[in-house]
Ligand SMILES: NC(=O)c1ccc[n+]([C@@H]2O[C@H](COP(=O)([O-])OP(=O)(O)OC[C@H]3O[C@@H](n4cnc5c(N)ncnc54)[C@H](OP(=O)(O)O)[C@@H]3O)[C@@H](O)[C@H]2O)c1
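The chain below stands alone and is given in structure tokens; this is the form predicted alone.
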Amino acid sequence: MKKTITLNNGVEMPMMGYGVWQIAPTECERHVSEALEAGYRSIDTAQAYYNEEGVGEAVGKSGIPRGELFLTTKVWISNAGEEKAAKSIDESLRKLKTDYIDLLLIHQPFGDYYGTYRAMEKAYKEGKARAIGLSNFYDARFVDLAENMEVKPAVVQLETHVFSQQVRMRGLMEEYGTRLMAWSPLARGMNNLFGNETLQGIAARHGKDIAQVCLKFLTDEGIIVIPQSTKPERMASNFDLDGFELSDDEREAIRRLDAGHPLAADFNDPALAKYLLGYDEQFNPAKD
């Protein structure tokens, strides 16, 4: 597996990272420490995961030089707008116990995301972020922002897996040198991923498991992946993608699994927009 990918500003980013979505704040430090022990050097968190402090604690105690780590976080909707986003970026730096964030993303395409992006551009120019980008921006919203902002998005993070390979978005992103980063790269097990006969056959031929086959396919396609697990043995196996290569026929068989649309979330759905706009009030543990 290629270990890193070059972003459009020259920054090298690991192809494999560890995601901490839905990991409880009280458990995050332990699981990130386990991931670091397994060899991960890229950690993906977000303001709305409420576990940035756990990531910061694990990183600080790891003894790994900061320059060998790659930290991603995301600005949430409730912090949208230039002034609020700027304050939230400083707060994320404090929680992560670092002077800079390697990749800073807008989490959702709602609220004053143009103001947020301006704050991120300023953070980038001040050295608080090494690269900036987007999460869950599709089609016209992505192109509109990419065309109008000075710093082109280095990364767009989208639901991406064998059933949703984001072929259209990858084509749109290519013009700007923007890289695709996959959230839920194992589809959260949806669509009977682990019972899929095509994937089972390929895994059996290589003596690997289906998760490894899926992650290998995505990284071979130049897609950054951030699988999440709280089991050390699964962290290790997800990270171990060396020692086998998918054939052209196998890659083509996997491409045919693409449904052409996401399974978990439709960001054109008004109901999803309303849900996300109220998320902070519902789920912020500090408000309990």
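Residue numbers here begin at 1 and follow the sequence given. Source: prediction; values computed, not measured.
Unshown form predicted in complex with the named molecule; subsequent notes refer to it.
Residue-level contacts in the model of the complex: of Ile77, Ala85, Ile101, Ala187, one residue has a heavy atom within 4.5 Å of the named molecule, and it is Ala187. This chain is drawn without the named molecule; in the model of the complex, the residue among Asn136, Ser164, Ser92, Thr178 with a heavy atom within 4.5 Å of it is Asn136. A residue is said to contact a partner when one of its heavy atoms sits within 4.5 Å of a partner heavy atom; Tyr275 fails this definition for the named molecule in the model of the complex, lying far away.
When the named molecule is considered in the model of the complex, Lys216 lies well away from it, no heavy atom lying within 4.5 Å. By the criterion of a heavy atom within 4.5 Å, Ile226 is counted among the residues contacting the named molecule in the model of the complex.
Although the partner is absent here, Gln47 sits far enough away that none of its heavy atoms falls within 4.5 Å of the named molecule in the model of the complex. Note that among 200-208, 141-149, 165-173, 103-111, the stretch whose heavy atoms approach the named molecule to within 4.5 Å in the model of the complex is 103-111. With contact defined as any non-hydrogen atom lying within 4.5 angstroms of the named molecule in the model of the complex, the contacting residues in 13-32 are Gly19, Val20, Trp21, given in sequence order.
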